[in-house]
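Below you'll find only one chain, the form predicted alone, shown as C-alpha coordinates.
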(Lines give C-alpha, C1' and ligand atoms only; values in the text may rest on other atoms or scores of the structure.)
Protein backbone atom coordinates (compact mmCIF):
# COMPACT_ATOMS: atom_id res chain seq x y z
CA UNK A 1 0.00 0.00 0.00
CA UNK A 2 2.87 2.36 0.65
CA UNK A 3 3.99 1.95 -2.95
CA UNK A 4 0.47 2.64 -4.27
CA UNK A 5 -0.48 5.46 -1.92
CA UNK A 6 2.86 6.83 -0.60
CA UNK A 7 1.52 6.42 2.92
CA UNK A 8 4.77 6.81 4.84
CA UNK A 9 5.11 10.42 3.72
CA UNK A 10 1.63 11.17 5.06
CA UNK A 11 1.98 9.62 8.51
CA UNK A 12 1.84 11.73 11.64
CA UNK A 13 4.76 11.54 14.09
CA UNK A 14 2.92 8.99 16.29
CA UNK A 15 1.93 6.87 13.31
CA UNK A 16 5.46 6.96 11.92
CA UNK A 17 6.87 5.92 15.31
CA UNK A 18 4.60 2.88 15.30
CA UNK A 19 5.13 1.99 11.64
CA UNK A 20 8.91 2.12 11.92
CA UNK A 21 9.26 0.51 15.36
CA UNK A 22 11.09 -2.81 15.28
CA UNK A 23 9.21 -3.81 18.42
CA UNK A 24 6.10 -1.65 18.91
CA UNK A 25 4.91 -1.29 22.47
CA UNK A 26 1.65 -2.91 23.53
CA UNK A 27 0.09 0.55 23.77
CA UNK A 28 1.19 1.39 20.22
CA UNK A 29 -0.42 -1.84 19.00
CA UNK A 30 -3.65 -1.12 20.86
CA UNK A 31 -3.77 2.47 19.57
CA UNK A 32 -3.13 1.32 16.00
CA UNK A 33 -5.93 -1.26 16.18
CA UNK A 34 -8.38 1.32 17.48
CA UNK A 35 -7.56 3.57 14.53
CA UNK A 36 -9.53 1.20 12.31
CA UNK A 37 -12.58 2.82 13.86
CA UNK A 38 -11.21 6.17 12.72
CA UNK A 39 -10.72 4.76 9.22
CA UNK A 40 -14.38 3.74 9.30
CA UNK A 41 -15.44 7.31 10.11
CA UNK A 42 -13.24 8.70 7.33
CA UNK A 43 -14.68 6.23 4.81
CA UNK A 44 -18.15 7.35 5.90
CA UNK A 45 -17.19 11.04 5.61
CA UNK A 46 -15.91 10.41 2.08
CA UNK A 47 -19.10 8.60 1.05
CA UNK A 48 -17.71 5.08 0.81
CA UNK A 49 -19.96 3.91 3.66
CA UNK A 50 -23.65 4.82 3.69
CA UNK A 51 -24.09 5.37 7.42
CA UNK A 52 -22.39 5.05 10.76
CA UNK A 53 -24.09 2.36 12.78
CA UNK A 54 -24.94 2.68 16.44
CA UNK A 55 -21.60 2.60 18.29
CA UNK A 56 -22.13 -0.55 20.33
CA UNK A 57 -19.46 -2.61 18.56
CA UNK A 58 -16.38 -2.11 16.43
CA UNK A 59 -16.76 -1.65 12.71
CA UNK A 60 -16.15 -4.52 10.30
CA UNK A 61 -12.47 -3.93 9.59
CA UNK A 62 -12.32 -6.47 6.76
CA UNK A 63 -15.09 -4.67 4.86
CA UNK A 64 -13.41 -1.31 5.30
CA UNK A 65 -10.02 -2.59 4.17
CA UNK A 66 -11.64 -4.13 1.07
CA UNK A 67 -12.82 -0.66 0.05
CA UNK A 68 -9.27 0.64 0.05
CA UNK A 69 -7.57 -2.41 -1.43
CA UNK A 70 -10.07 -2.51 -4.28
CA UNK A 71 -9.11 0.93 -5.57
CA UNK A 72 -6.05 2.67 -6.91
CA UNK A 73 -5.14 6.01 -5.38
CA UNK A 74 -6.63 7.75 -8.42
CA UNK A 75 -9.87 5.73 -8.19
CA UNK A 76 -10.10 6.40 -4.47
CA UNK A 77 -9.82 10.16 -5.01
CA UNK A 78 -12.26 10.07 -7.92
CA UNK A 79 -14.89 8.09 -5.98
CA UNK A 80 -14.58 10.09 -2.75
CA UNK A 81 -17.49 12.48 -2.21
CA UNK A 82 -17.17 14.48 0.98
CA UNK A 83 -20.39 14.61 2.95
CA UNK A 84 -22.01 17.95 3.65
CA UNK A 85 -20.94 20.08 6.59
CA UNK A 86 -24.37 19.49 8.08
CA UNK A 87 -24.00 15.70 7.98
CA UNK A 88 -20.55 15.82 9.54
CA UNK A 89 -21.55 18.35 12.19
CA UNK A 90 -24.67 16.33 13.05
CA UNK A 91 -22.51 13.23 13.60
CA UNK A 92 -20.01 15.26 15.63
CA UNK A 93 -22.82 16.58 17.82
CA UNK A 94 -24.29 13.12 18.31
CA UNK A 95 -20.97 11.52 19.19
CA UNK A 96 -20.13 14.34 21.62
CA UNK A 97 -23.38 13.60 23.45
CA UNK A 98 -22.77 9.84 23.42
CA UNK A 99 -19.22 10.35 24.69
CA UNK A 100 -20.55 12.57 27.45
CA UNK A 101 -22.93 9.78 28.47
CA UNK A 102 -20.01 7.31 28.58
CA UNK A 103 -17.78 9.67 30.58
CA UNK A 104 -20.60 10.51 32.98
CA UNK A 105 -21.28 6.81 33.57
CA UNK A 106 -17.58 6.14 34.12
CA UNK A 107 -17.34 8.90 36.75
CA UNK A 108 -20.16 7.13 38.58
CA UNK A 109 -18.50 3.71 38.25
CA UNK A 110 -21.32 2.52 36.01
CA UNK A 111 -21.14 0.78 32.66
CA UNK A 112 -21.60 2.79 29.49
CA UNK A 113 -25.33 3.33 28.93
CA UNK A 114 -27.43 1.76 26.19
CA UNK A 115 -24.78 -0.85 25.34
CA UNK A 116 -22.44 1.82 23.97
CA UNK A 117 -18.87 0.71 23.37
CA UNK A 118 -16.94 3.55 24.95
CA UNK A 119 -13.84 2.77 22.86
CA UNK A 120 -15.80 3.05 19.62
CA UNK A 121 -17.44 6.24 20.84
CA UNK A 122 -14.06 7.73 21.79
CA UNK A 123 -12.47 6.91 18.41
CA UNK A 124 -15.40 8.36 16.52
CA UNK A 125 -15.28 11.47 18.68
CA UNK A 126 -11.56 11.87 17.92
CA UNK A 127 -12.11 11.45 14.18
CA UNK A 128 -15.11 13.73 13.96
CA UNK A 129 -13.36 16.41 16.01
CA UNK A 130 -10.49 16.28 13.53
CA UNK A 131 -12.92 16.51 10.62
CA UNK A 132 -14.59 19.62 12.02
CA UNK A 133 -11.18 21.10 12.85
CA UNK A 134 -12.01 21.27 16.56
CA UNK A 135 -9.60 23.69 18.24
CA UNK A 136 -7.44 23.49 15.06
CA UNK A 137 -5.65 20.46 16.49
CA UNK A 138 -3.40 18.13 14.51
CA UNK A 139 -4.43 14.48 14.29
CA UNK A 140 -2.06 13.31 17.05
CA UNK A 141 -3.27 16.06 19.36
CA UNK A 142 -7.05 16.00 18.87
CA UNK A 143 -8.92 16.11 22.16
CA UNK A 144 -12.33 14.67 22.92
CA UNK A 145 -13.57 17.18 25.45
CA UNK A 146 -17.00 16.46 26.90
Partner chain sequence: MIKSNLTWQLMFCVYTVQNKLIVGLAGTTLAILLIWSFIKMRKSKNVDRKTKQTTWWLLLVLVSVITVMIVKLMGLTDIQKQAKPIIKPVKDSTATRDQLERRSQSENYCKAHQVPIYAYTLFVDPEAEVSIRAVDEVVDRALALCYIGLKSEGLEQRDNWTK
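Here the structure is a predicted model, which is why all the values come from computation and not from measurement. Numbering follows the first chain given and starts at 1.
This next part talks about the form predicted together with the partner chain, which is not shown.
In the predicted bound form, every residue of the candidate spot (19, 38 and 133) has a heavy atom lying within 4.5 Å of the partner chain. In the predicted bound form, the partner chain stays beyond 4.5 Å of every heavy atom belonging to residue 118.
In the predicted bound form, the partner chain stays beyond 4.5 Å of every heavy atom belonging to residue 58. Of the heavy atoms in residue 49, none are within 4.5 Å of the partner chain in the predicted bound form.
Contact between residue 97 and the partner chain in the predicted bound form is found at the 4.5 Å heavy atom cutoff.
Contacts of stretch 84-106 with the partner chain in the predicted bound form, defined by any heavy atom lying within 4.5 Å, are made by 84, 85, 86, 88, 89, 90, 92, 93, 94, 96, 97, 98, 100, 101, listed in sequence order.
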